[in-house]
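Before any questions on how it binds or moves, here is one chain, the form predicted on its own, in structure tokens.
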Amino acid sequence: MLRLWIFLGFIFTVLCVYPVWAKPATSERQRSWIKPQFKEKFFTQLLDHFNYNSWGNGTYSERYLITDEYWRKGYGPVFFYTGNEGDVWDFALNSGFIVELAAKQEALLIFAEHRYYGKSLPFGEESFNIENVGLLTVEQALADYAVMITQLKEELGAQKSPVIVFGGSYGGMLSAYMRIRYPNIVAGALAASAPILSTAGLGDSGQFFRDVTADFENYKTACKDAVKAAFQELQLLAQRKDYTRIQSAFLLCKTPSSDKDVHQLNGFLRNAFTLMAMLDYPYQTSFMSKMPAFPVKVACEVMLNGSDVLSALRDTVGIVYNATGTQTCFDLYSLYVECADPTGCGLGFNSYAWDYQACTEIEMCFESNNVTDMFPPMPFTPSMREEYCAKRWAVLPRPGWLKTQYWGDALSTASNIIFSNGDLDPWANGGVRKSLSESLIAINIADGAHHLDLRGSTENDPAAVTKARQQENLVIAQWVKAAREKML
């Protein structure tokens, strides 16, 4: 999901100064934002914030990145990124707007890594053993951030610096939750592309893949029709058990031999369209997956210019899975792993963590049906989720827990949260699209993909995202001013 599928790993020296401009971050055009020198550090956290008798009051090392080069010491605000499902460097290098804002508002800038992701593994490589993974919860992660913010403010002489939290996708959910759960610590939150409603079990299970389809259909109706026809052709071949034809059409490394393999192929193919819809940025990126500029447009042109629908479908998903052009065949089970999140968990340890969260608190029973969307019928019901999670993690999901714990759609008594969403983002309609009060502000961004507003400014940005960032800047400045006045 929201998750996301972070394929790139980064290795750094503890406590060293690491200039962002020295990293081969992305291949897109040069950013206009100032590039900070983050220091990578580790913070000693309790393993369990809520049970004094568990784990012997043990601790783990939580990674964070920090720079004070823009900070007006003791006065400027603290901008804190609530890290989500991946390596913290991936988010720091793809959230240039926060850096721009820190420079404007003289802020201390901190990016925190979520427990069980990146290098913040409480039990090292044994973190995902059944007996160890239970400390991976939203509540524990929020408590980590609350403790880190409080202690770092004291250590750095920032007690009078108002804190604004930022996050995108799941990180955006966490930012909203931080303002709800710890308003004594956090003065405001920018929750970008945060699907706080759909992941709390609210809404329509068909919404997500219907909205992925709409992205391609809105470019050209024929594009949606071609994709739908290709999946229907694949279904006919599967019904005839013509596995050799399927293997040759999709250049698979191994010939399918069962319905299970065909199901895996369908998930592999659908996942590529999900990524292209989410990352439909107006420039080339290497965030979550290497993508060309306007990948939806590129995909549709490939889809509509193929010699036949199956080869066209293969070449279209190759935009995601063969971006380097070096793949001679597709290994279905190594390039895509099915999990409790139908929108994808990614690969490696980060995928284990997200899979576990999708089996416990985060609800994502999204389905495709080939009627309201262009994808093959792939149900994922609550009972199917429960069966998978019991087998994989020995846990039973708790439907409705996020709604109970973090209010679901009953947000009217909350305050100081911006919910930003891009109209191109399939996650958008799972979030807050209408302002709920003067301080619960919804910003909708035409031509905006997944948390585009958090990315650094470029000459290719649509006017709507530039306007959104300007509004976010003004609102956050007002929150900082109001919070500072209360401290006097």
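Numbering starts at 1 and follows the sequence shown. What you are looking at is a predicted structure, and each value in this text was computed from that prediction instead of being measured.
Quick note: we don't show the form predicted in complex with a further copy of the same chain, though the next part is all about it.
Colleague: Between 257, 218, 159, 412, only one gets a heavy atom within 4.5 angstroms of a further copy of the same chain in the model of the complex; which residue is that?
Modeller: Flagged contact: 412.
Colleague: Quick one: from 265, 180, 317, 364, grab the residue that has a heavy atom within 4.5 Å of a further copy of the same chain in the model of the complex.
Modeller: Contact check passes for 180.
Colleague: Within 4.5 Å, heavy atoms only, one stretch in 210 to 218, 300 to 308, 390 to 398, 96 to 104 touches a further copy of the same chain in the model of the complex. Which?
Modeller: Checking each option against the 4.5 Å cut-off leaves 390 to 398.
Colleague: Spell out, yes or no, whether the shortest heavy atom distance between residue 235 and a further copy of the same chain in the model of the complex is within 4.5 Å.
Modeller: Residue 235: no, not in contact with a further copy of the same chain in the model of the complex.
Colleague: So in the model of the complex, does residue 252 come within 4.5 Å of a further copy of the same chain, heavy atom to heavy atom?
Modeller: Looking in the model of the complex, residue contacts with a further copy of the same chain do not include residue 252, since no heavy atom lies within 4.5 Å.
Colleague: Taking a further copy of the same chain as it sits in the model of the complex, is residue 130 near enough to touch it, meaning that at least one heavy atom pair lies within 4.5 angstroms?
Modeller: Answer yes; at least one heavy atom of residue 130 falls within 4.5 Å of a further copy of the same chain in the model of the complex.
Colleague: Would you please decide whether residue 294 lies within 4.5 angstroms of a further copy of the same chain in the model of the complex, comparing each non-hydrogen atom pair?
Modeller: Residue 294: no, not in contact with a further copy of the same chain in the model of the complex.
Colleague: Heavy atoms within 4.5 Å of a further copy of the same chain in the model of the complex is the criterion; list the residues of 129 to 153 that meet it.
Modeller: If the 4.5 Å heavy-atom criterion is applied to a further copy of the same chain in the model of the complex, 129 to 153 yields 130, 131, 134, 135, 137, 139, 140, 143, 146, 147, 150.
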